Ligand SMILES: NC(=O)c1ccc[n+]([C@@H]2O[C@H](COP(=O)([O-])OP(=O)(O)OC[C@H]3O[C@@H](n4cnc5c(N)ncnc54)[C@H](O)[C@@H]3O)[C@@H](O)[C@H]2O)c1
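Presented as structure tokens, the chain that follows is alone, the form predicted on its own.
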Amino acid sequence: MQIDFSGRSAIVTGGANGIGRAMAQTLAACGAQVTIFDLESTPSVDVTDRTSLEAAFAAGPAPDIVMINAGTAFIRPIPETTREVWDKTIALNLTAAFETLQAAAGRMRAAGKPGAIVLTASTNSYDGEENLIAYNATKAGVLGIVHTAANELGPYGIRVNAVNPGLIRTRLTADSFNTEPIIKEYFRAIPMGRGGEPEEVAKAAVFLASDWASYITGATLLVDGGQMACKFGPWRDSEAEFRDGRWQRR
């Protein structure tokens, strides 16, 4: 059985590139009418500006599906994490996520129809990867939004879940993927021996938004190749080799 979103409207924030773009494409392939909220979309939508966000929602019908994906990351050690960096990260990754959910849920409730909201969290919601304190704090906060919103919105038939990607190939991570010494060691700790693709995250998010997940809310789905399941990676030079961008058994 295929996931069929025919007749349903979907919104994807941060949908112009990377994971968000894959989400939009996957939703459209399943029959949804997709609208992208992004500074690089047409028309441009700034999800950190409540007026812009409200105008974008008002321009269309109450959504059936909302993917809250817009985000940013600044790589800074703690001493160099300025208030400006902190505020910009909080504004997009956390405040905009809350306000998008708030606006979407309000319209779903007013329309009297159930819906599904999926937020993009991260494996960094759980771990303390260095030089990303602002990003890590916001992604931990996203899970707080998910849990609380699932509790409050469940009685209205609105499900709220999150996908938690690991290292995914996007324009933001391209430099890492293109630097073999970095990814060789990073992927050593991933049971599947490689990084992920945006489409793999998108498929997980679309599943959570679908009727196949009709009894799932308040959940987080790791899309990380098993990275968070293990403390020490399984890949050893004596038993495997790194080639073509991934670890493989000899």
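In case it trips you up, residue 1 is the first one in the sequence shown, and so on. Note that this is a predicted model, so its numbers are computed, not measured.
Just so it is clear, the following notes concern the form predicted in complex with the named molecule, a form of the same protein that is not shown.
Q102 falls outside the set of residues with a heavy atom inside 4.5 Å of the named molecule in the model of the complex.
Although the partner is absent here, A121 lies within 4.5 Å of the named molecule in the model of the complex, judged by heavy atoms. In the model of the complex, the named molecule lies farther than 4.5 Å from every heavy atom of D224. Interface residue remark: L143 is not counted as part of the site for the named molecule in the model of the complex, having no heavy atom within 4.5 Å. Only one of the listed residues (T48, S210, Q33, T220) places a non-hydrogen atom within 4.5 angstroms of the named molecule in the model of the complex, and that residue is T48. Think of it this way: in the model of the complex, the named molecule has a heavy atom of just one of L132, A149, M108, L167 within 4.5 Å, and the residue is L167.
Contact annotation: the named molecule lies within 4.5 Å of heavy atoms from the stretch 133 to 141 in the model of the complex, the single such stretch among 150 to 158, 109 to 117, 133 to 141, 74 to 82. Annotation for 77 to 95: the only interface residue with the named molecule in the model of the complex is L92 [heavy atom within 4.5 Å].
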